[in-house]
Structure formats: C-alpha cells, structure tokens
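One chain comes next, on its own, written as structure tokens: the form predicted alone.
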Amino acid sequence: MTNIVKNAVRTQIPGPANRFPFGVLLEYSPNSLAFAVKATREYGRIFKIPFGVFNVNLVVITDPEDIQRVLQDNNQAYSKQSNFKMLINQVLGGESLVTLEGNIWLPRRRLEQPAFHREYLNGFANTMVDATQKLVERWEGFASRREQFELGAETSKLTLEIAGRTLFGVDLSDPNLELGRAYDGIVKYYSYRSSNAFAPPPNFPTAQNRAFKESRRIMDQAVLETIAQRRRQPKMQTDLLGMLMQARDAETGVTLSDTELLGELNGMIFAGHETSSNALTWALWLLSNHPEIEQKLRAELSTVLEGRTPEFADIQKLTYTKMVLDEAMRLYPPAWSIARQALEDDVLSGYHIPKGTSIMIFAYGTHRDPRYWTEPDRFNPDRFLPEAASSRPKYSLVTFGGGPRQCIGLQFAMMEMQLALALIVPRFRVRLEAGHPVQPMPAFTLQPKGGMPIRLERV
C-alpha cells in the first residue's frame, strides 16, 4: 500500500448502492444533471456514481479545493477522461487542444497561444459586430411581425457565423451552404451519442452513423481544400487559420501539418461556438426575467457607447455587461461538468482516489453551493463586483476550466458575447412564450430542454 493510501483519512467514498446489473446507469443516463444535483444534496461535496457490471465508479467533486488540485496544483496527475476523449476525437475527426495530453499538448498550446493574445482580437471585433448587426436586422423583422422564433437557434446562427468567418473566412451559418448543414449534422450526432448510453458502436451501419460520417466527410474535405489553397497561395491572413499556419514553435521551428490544422479548426468551431451560443441564450432569458438588471445594463451601454456601434476599445469599459455574462454562466455554465481520469493515486476531500478513477468536476453544483454563493439560485451580477469576488475561493467558479488547460479562447468568447449584448439589449426585450417550461438539459453544453421559444419587444 502506498504512503498516499496510508495517509488518506478514508477509503470508502459515499454514494448510492451499486445495484446489479447496471448500478445507477438507467437513472443517470436520461438526465445526468438532475441525478448529480440530487446526489450532491444527499452525499455532499464528493461522492461516487456506480455503474454495475461495467466496474466503473465515477467520482463527482464540487469542492473548490479539490477542483484546484485536479485542474491546477496536481494537474499532471490527471488526464482527459478516456471515454470523453474517444467521443470528442471521433466527432472532431482528429485531435486538438481539446483532448491532447502532456508532452504533445504543451508545445501545441504554446504554438497557438499567440493567436489568442488580446492584441490580435482587435481584428476580430469588426467581424463580431457585423455578424450581430445582421442578427439585429433579422430580429427587427421578427419584432415587427410579432413572430415567434427559437432563441437558441438564432444565437447559434450568430456564433457559428462568427466562428466560421474568424477561423477561415466562411459563413458556416448559411443554410444554403452544404458546409453549414454538415456541421449541424455533426452537432446533432454528438448530442445523440453523449445522451444515449446504449447507442450502437460508431462502425455499425445505423442511419445516425452513416449520416454523421457523410457530414464529417463534407466538413473535412472543405477545410482541407481551404488549407491546400492557402498553401498554394501563401499570403498574410488575418483569420485564425492564417495565424495558425504561420505559427512556428520558437524552440523547435515546427509548424502545424494539414491534419493538425484540421483537428484544431474543428475543435475551435465545435467547442467555441456552442458554448457562447448557450451562454447568450441563458443571459438574454435571465435578463427578460429581471427588468431592473436589464435596465442597469442598458444604462451602462448608453453611457459608454452613447448610441454608437461598439468597438474593441469599448470592451474593457463594459464592466457590468461582463458581470451579467459571468452571472449567467455561473447559473447555467455551458461546461456544466469537466471530465478527468486519475493517472496515479491521490487524495481528494480526505478520500483515497485510486489510479484510473474517473473524475467529474461538477461545475453546476459548485456554482450553486451556498457556502460560496449567497442565495445561489438568484440572478445577481453584483456578485462579480471586485470586492465580492475577492472573498470567494478561486475555483468556486469554473466556467472556462482552470489551471494550465484553461480555455484558450476565453477572451475571444467574452468579447464576442459582450459585443452581442451591447447591440441586442438596447433594441429588444426577450419574452418567453407563455407556459413554456425552462429546464436545463445536459448535452455537450447546458441547453434549455425543448428550446427557448420567444417573441421580441422593441425597446
């Protein structure tokens, strides 16, 4: 027995009984979020979820100290969870920063980081504003006709257009583009695979698997053709693909291959656009239910912008706008959980964590823990005033992960969402369709179950 086990306070992590043959899988699989919320209330900040004859115990943690140990202090002892990596790599059609590990991940991160430095983001602000203005024009028509539409579909169209244009100059949201339809098929396939524990293996010739493979083929072919065209006609490019193609490791001189570029672009599109889309959807809905906060946000936008179109230089001045987004993502974190796997024995909350243990960092539970958040279910952006934020543990909020693997696109996403709210909120009020229940649904991101059907009112 290792010293770490001898020194551990306890070895039996609390949790529900492991019932034969599937443990709690049949209860967990339909709604893992609801199951984890219930288990957190019953068992506390660490518990295990057993899956019967599969001989797997998923250990769930919500305590900020444990999260900090896994993501930062002892991060080298934890890897991306293997089942998650397999599914993501399949969906992305290749490896990217989302799933790469260790000695491969670090040089890649170092190579790509300059493309996301703040000074480079200035060039993307105009694209973000232009795309949002197109949305505002479309919404003017919805408002004049009092037409109902699905809010998530619209925010997804916005962030997908921004992702495609800033990455490699293509509007992926265009329904007339085969590429846009292909991407939509890939997203639907991920939702299907991640929410169905008994889905047939990827190589089985089911309708879902065949449709996904065709979508993946179309997407990869289009991206690789774009890369090949850039290689034939090299020139300075202001999009992310151009920056990544020009990036060279300072120590080794290595550049990214076509296959590596493909994986990274797919990863950035997939991981980037849906998280921002869902955060905007939840933020607009929360504002619609809190008119006093909505009015305070409009007052900041009026003071800072004075009726003009927002620019990159305005981002740092839109402090309350950022607080609104931070609070929306606290309540409804797009990355509602983070998966890891222990590469060696460790101790969390005084319990022995054996090598090979699957860990779920339950961000949704941490974000609603009354030990760190007063009235945790209430929408209150003032929680993010500097004096309030400084009194909480650092990892009581994990909207963009943490440690060395914190999301590389954090500043890009926040800028995109701040600019979107700055253009939408002064013009429209969102009104949920009467009687429609709002319930969070865990998929790749935390989405409103059944969508968010709304109508608009002009301000």
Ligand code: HEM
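The structure presented is a predicted model; accordingly, all values stated were derived computationally and were not measured. Residue indices: 1-based, along the sequence shown.
Below: the form predicted together with protoporphyrin IX containing FE (HEM), not depicted.
With protoporphyrin IX containing FE (HEM) left out of view, the stretch that reaches within 4.5 Å of it through heavy atoms in the predicted bound form is, among 422-430, 387-395, 37-45, 400-408, 400-408. Though the partner is left out of this view, Pro334 does reach within 4.5 Å of protoporphyrin IX containing FE (HEM) in the predicted bound form, counting heavy atoms only. In the predicted bound form, protoporphyrin IX containing FE (HEM) lies farther than 4.5 Å from every heavy atom of His367. Taking the partner from the other structure, protoporphyrin IX containing FE (HEM) in the predicted bound form has no heavy atom within 4.5 Å of any heavy atom of Lys85. Proximity of Ser276 to protoporphyrin IX containing FE (HEM) in the predicted bound form: non-hydrogen atoms within 4.5 Å are present. Of the residues Leu348, Val98, Ala131, Leu318, just one reaches protoporphyrin IX containing FE (HEM) in the predicted bound form with a heavy atom at 4.5 Å or closer; this is Val98.
Note on contacts: among Met323, Met329, Leu172, Leu244, the single residue with a heavy atom within 4.5 Å of protoporphyrin IX containing FE (HEM) in the predicted bound form is Met329. Within 4.5 Å of protoporphyrin IX containing FE (HEM) in the predicted bound form, a heavy atom is found for all three of Trp105, Gly272 and Arg340.
The single residue of 111-141 lying near protoporphyrin IX containing FE (HEM) in the predicted bound form is Phe116, the criterion being any heavy atom within 4.5 Å.
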